[in-house]
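Next up is one chain by itself, shown in structure tokens, the form predicted on its own.
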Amino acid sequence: MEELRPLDALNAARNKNVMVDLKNGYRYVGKLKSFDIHINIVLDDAEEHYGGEIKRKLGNVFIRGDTITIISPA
């Protein structure tokens, strides 16, 4: 099995739902549209979660890579 680099793993998740946890405790769930080498990401159809419940539906969002702690397939 070929080893994946982190950006390869993100590229494989493009156009799929991902879960993004931030340093401030918020979680965003949405479709990964794009990212760059700094792990700045764009999600489409995003929902904001806090404390285990959905706070609001946001649509298209940009998240700075330095605020992200975890990116995981949803």
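Position 1 is the first residue in the sequence shown; the rest follow in order. In this text the structure is predicted, and so the values were computed from the model without any measurement.
Although it is not shown, the form predicted together with another copy of the chain is what the next lines describe.
Under a 4.5 angstroms non-hydrogen atom cutoff, another copy of the chain in the model of the complex lacks residue 50 among its neighbouring residues. Another copy of the chain is not shown here, and in the model of the complex it never comes within 4.5 Å of any heavy atom of residue 16. Using a 4.5 angstroms threshold between heavy atoms, residue 54 stays clear of another copy of the chain in the model of the complex. Taking another copy of the chain as positioned in the model of the complex, the residues of 35-74 that bring a heavy atom within 4.5 Å of it are, in sequence order, 35, 36, 38, 39, 40, 41, 42, 44, 48, 56, 58, 60, 61, 62, 63, 64, 65, 66, 67, 68, 69, 70, 71, 72, 73.
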